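As a starting point, one isolated chain is supplied in structure tokens, in the form predicted alone.
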């Protein structure tokens, strides 16, 4: 009998756990450790954040789903990993601390044969003074509860606009090393849509504040799309879209502090400036959740298992070579830890070998560049591939049998630009590969036959359908396995 422990119940962890339980015989255990009692379809939080959906539309209780699937669910947070076991036993284990199930605060050792780190990110609001909804001055859509609060604050602003007061809304990134520009992109266009629907857009100034060096970078170094015999960059696409919606943009910023009504930032030129606001949603930087690792003797080996940012090392090239020598092959394929072969990391939990965007620093030495996105479709594909490998290793395979490299996979993204059955629209994009490969595709880094993009009402219908499809899939309802990742 083997026990597989999955740390994290988000998109990648939930995917891995549910497929493992479906594939493995009842002799084997699948355990999910997550501090959350509910599962959240995070891409739809932006609709909660403008009042188009309620929190209940984007979450569900995990306990009944895992009971139905015969998955051992522990509502707890992982604290430490002991991949060599202890002085008393060679069996590897993790320590956990319960956050629910009537065991709040209790700690426990949980042994494993295979471990999947799918813990996702720590929302590091503390990296920027005054950032975030908890004691800060900005809102967030990173969680369902954050999105509920964001919607409440947004509608206060809309009420003021209706009363004739001018308002400035700033959306974007709250640190020079942020990722998830896509979520902020969706939110700013949904806000624009709601302001127009309320008849107050002319009284509002809407500003995009970002660590990108150019519009349309999205943490992927941008992309090129071939349409009508022409090749257009995402920079041209994004600039046109922002200009058409009468939005201003401030590029290459590292937010240093947020005060009430004022955002302070450095620029790539090394200058400092500020932007006043009445409403601001700034994505925080992501970090590892703070797991520690110890060897058999109890010595701290956190630096061996995790990168400095707190994400787990896997089969990637972490040599730190210069930008000019970066290759797509630097990226991991099996997501297996190089030192402990029964440990894997998926989704945001694995440490990228380097950026996808060109690394940049200002004259003050401050890095200002997007960090790589690892969410959504690629995250789920990683979870499934690792689950397949572990299944096969339990059944006798010596090495991982499946791969999910972001430098070898394509991804589809539907980015909402406003909700409405007849008035909504979304940007529908495909990209292949996710990590640009300039050796294989000189100049553009991607296969233009499979890298596409367009905006329209049909995209909104697709986005709306996908919301219900993935909520259905995650709840393991009939036919869930045939819905693609």
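Given the structure is predicted, the values throughout are model-derived calculations rather than measurements. Numbering follows the first chain given and starts at 1.
Not on display, but discussed next: the form predicted together with a small molecule.
Remark: residue 21 does not count among the residues lining the small molecule in the model of the complex, judged by a heavy atom distance of 4.5 Å or less. By the criterion of a heavy atom within 4.5 Å, residue 377 is counted among the residues contacting the small molecule in the model of the complex.
At the 4.5 Å threshold, heavy atoms of residue 17 stay clear of the small molecule in the model of the complex, well away from it. In the model of the complex, none of the heavy atoms of residue 58 sits within 4.5 Å of a heavy atom of the small molecule. Contact with the small molecule in the model of the complex, judged as any non-hydrogen atom within 4.5 angstroms, is confined among 418-426, 431-439, 450-458, 30-38 to 30-38. The partner is absent here, but in the model of the complex a heavy atom of 120, alone among 172, 176, 332, 120, sits within 4.5 Å of the small molecule.
183 is the sole member of 183, 406, 206, 301 with a non-hydrogen atom lying within 4.5 angstroms of the small molecule in the model of the complex. Remark: none of the three candidate residues (126, 210 and 361) comes within 4.5 Å of the small molecule in the model of the complex, counting heavy atoms only.
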